[in-house]
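First comes one chain, alone, set out as structure tokens in the form predicted on its own.
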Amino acid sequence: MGDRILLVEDDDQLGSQIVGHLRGAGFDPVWWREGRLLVSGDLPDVSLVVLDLMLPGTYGLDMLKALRTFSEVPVLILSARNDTLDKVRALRLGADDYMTKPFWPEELVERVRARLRRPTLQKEQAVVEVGPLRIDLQGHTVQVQGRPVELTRVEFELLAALARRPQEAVTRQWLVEHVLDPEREGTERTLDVHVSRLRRKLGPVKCVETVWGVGYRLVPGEDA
């Protein structure tokens, strides 16, 4: 069997159909029929989660929010709700993709394959290297081309958040909610100030890239 996929879906007919297509595509599906408020240690060893929103037990977005406190496993949302605000909220909470029901199971399989081809940081990785950047997530140290760089707490947490999803756009709102202190500095304008200071400290290597209308992402970068 290939990658192990966790499916969280309470509809028996749809769930059976998805499991069959995933298994037929070479994946190893695990099927939960209700939502669970996860803590570290509860999540099986899986490569990706396919998560319905309207679930018995725990609402899908609450499950996603809890999951993101300890894991960066890719999450693909399934929902009968086609409202843009629902999609935006799911993405801000850390979802990697969003599919609206009804859908073709073949498309779901291809989205799973596409997401698994993209680079992602596994939780156990302590050091991330992106271009000339070397980020020690446990030691809270950063080097650029072998040169140590001193960062504030917020600057490091900002860089670490981007490093956990290299070359993926992370929304400004997500960064505000998960990196900044909401009681003191929780605004997008303040976030932009921290990004500007971080860029100056990283020097001429342009690794923190602006994604206009979305947020920021970490790229290998080039010398200015």
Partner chain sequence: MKLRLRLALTAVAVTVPAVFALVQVEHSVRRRTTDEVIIASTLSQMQSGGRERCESAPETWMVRSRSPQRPPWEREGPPDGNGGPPSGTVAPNEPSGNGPASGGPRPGDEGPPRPGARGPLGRRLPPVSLYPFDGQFVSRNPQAPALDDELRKGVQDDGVGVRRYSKADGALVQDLLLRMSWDGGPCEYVLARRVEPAESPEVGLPPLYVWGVPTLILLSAMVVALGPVVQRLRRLTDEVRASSGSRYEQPVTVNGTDEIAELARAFQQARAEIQAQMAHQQAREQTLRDFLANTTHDVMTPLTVLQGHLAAMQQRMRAGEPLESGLMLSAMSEAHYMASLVHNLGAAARLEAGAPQVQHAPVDLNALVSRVLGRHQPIARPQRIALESGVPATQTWVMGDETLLEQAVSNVVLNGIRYGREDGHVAVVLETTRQQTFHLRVIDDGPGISEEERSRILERRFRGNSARTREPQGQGLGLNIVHNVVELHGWKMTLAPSEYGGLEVAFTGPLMSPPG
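As the structure is a prediction and not an experimental result, all values here were calculated from the model. For clarity, a rigid core is taken as the largest C-alpha set superposing within 1.5 Å between two forms. Numbering follows the first chain given and starts at 1.
One more form of this protein exists, namely the form predicted in complex with its partner chain; it is left out here, but the text below deals with it.
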**Request:** Flag residue 169 as yes or no: does it have a non-hydrogen atom within 4.5 angstroms of any non-hydrogen atom of its partner chain in the model of the complex?
**Result:** yes
**Prompt:** Do residue 134 and its partner chain come within 4.5 Å of each other in the model of the complex, heavy atoms counted?
**Reply:** no
**Request:** Answer yes if any heavy atom of residue 68 is within 4.5 Å of a heavy atom of its partner chain in the model of the complex; otherwise answer no.
**Result:** no
**Message:** Whether residue 213 contacts its partner chain in the model of the complex should be assessed with a 4.5 Å heavy atom distance threshold; does it?
**Reply:** yes
**Item:** Contact segment among 169-177, 57-65, 194-202, 31-39, judged by heavy atoms lying within 4.5 Å of its partner chain in the model of the complex
**Value:** 169-177
**Message:** My question is whether residue 16 is one of the residues whose C-alpha shifts by 2 Å or more between this form and the one not shown, given a fit on the rigid core.
**Reply:** no
**Item:** Distance trend in the model of the complex - C-alpha atoms of residue 51 and residue 213, change of 3 Å or more
**Value:** farther
**Fill in**
What changes in the model of the complex is the Cα distance between residue 167 and residue 46, by 3 Å or more; the two atoms are farther
